[in-house]
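A single chain comes next, written as structure tokens; it is the form predicted alone.
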């Protein structure tokens, strides 16, 4: 039996509970992670009594009373101390209604509280009571399942998942985070109850999905979500990528598995959630743009443009941030094919400048996405493409040093143009700004204020404007 780590939080909780004469235990993920040797900062305390009362006294001992958050409606309290987030709850038993995942809660025993837990590996407790401090309480074989590396429910999985369908997402998330397998009976129960996911708020579903996205192998989690029948209930656009169509003996690749391969390759290089989302959505419009040409075979022309538009709709429906994060994903989806064109031996400086201008500060992320997008089974082809992309990176660095177009700001503002010609905001101002930008990108003038002023005067004259100085 592994010894409970020396921990000031657990020792203090034990001392305070002894004075209250209330049985107390640490339970759930913190216990599981002791045996997995995983760091854990979340400590769940269950007391046979009032969790709020215990939390208040512990907070006083730590002189952290003003930092205590109390949730009277739920009978819980939360306290941050050092690097720990400690949740206190009274032991309880739960029952559910058919149309809601919110339980009817009553006071209960420790056994009642353990029984309501989602998985056996999360249903283990350790006593913090003086008489048996450090004793493991494992009523449902959690330790055995931990050693076998399986996800299994304490009770009938059909009941567990029907009562709280979010547990199905959590099962997949733990399988991916811990590299465990979902027990066969439990997996079948998920398939049987997948439709029940509709009673869960999309925010809670996406919270679990994003944890899967941030795992070491997010592709594994998404494959499980699809095979369990969950994915189609909240992310039909991603489900639609699955499958191969054959015509005239010509088949396209399975864009679902290609996408997950790109995502997993990128996950090896970055833990940036939104760059991973860009990988997930880079080919999202291929089902809509798929066409068969007898000469060319399968084509997906314009999928980057359609995909960019789909990003906004998907983010809105999934209640993801509708801000610069969404716009960042849109940009990378739109531009993900552009660097491929630059891998040709002859590439114009203008094309390099335009890509730098459009990608801005996200050019390095775009190149990382494009490199992950090379998923050929031919190692020579992959090696050749990666070498070409390295050449593109070199050219982009050289162009940036010369033309300073990353996060580009125009050398002349609209206000400069209005003052120069003594005109109000107008169409002419926009035309002159566009002409200056295009001339810089085409290499006709340098990214320089003096050269821009000369061109501004010329363009103004063409438009019949008089330079006022």
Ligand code: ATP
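This structure is a prediction, so every number in the text was calculated from the model and none was measured. Residue numbers count along the first chain shown, from 1.
Note that the form predicted in complex with ligand ATP isn't included here; everything after this is about it.
- The three residues 118, 167 and 173 all sit with a heavy atom within 4.5 Å of ligand ATP in the predicted bound form.
- You can rule out all but one of 61-69, 425-433, 410-418, 41-49: in the predicted bound form, only 41-49 has residues with a heavy atom within 4.5 Å of ligand ATP.
- Only one of 215, 330, 122, 76 comes within 4.5 Å of ligand ATP in the predicted bound form through a heavy atom, and that residue is 122.
- Checked against ligand ATP in the predicted bound form, the residues 265, 196, 223, 211 give one hit for a heavy atom within 4.5 Å, which is 211.
- Proximity of residue 29 to ligand ATP in the predicted bound form falls within the 4.5 Å heavy atom cutoff.
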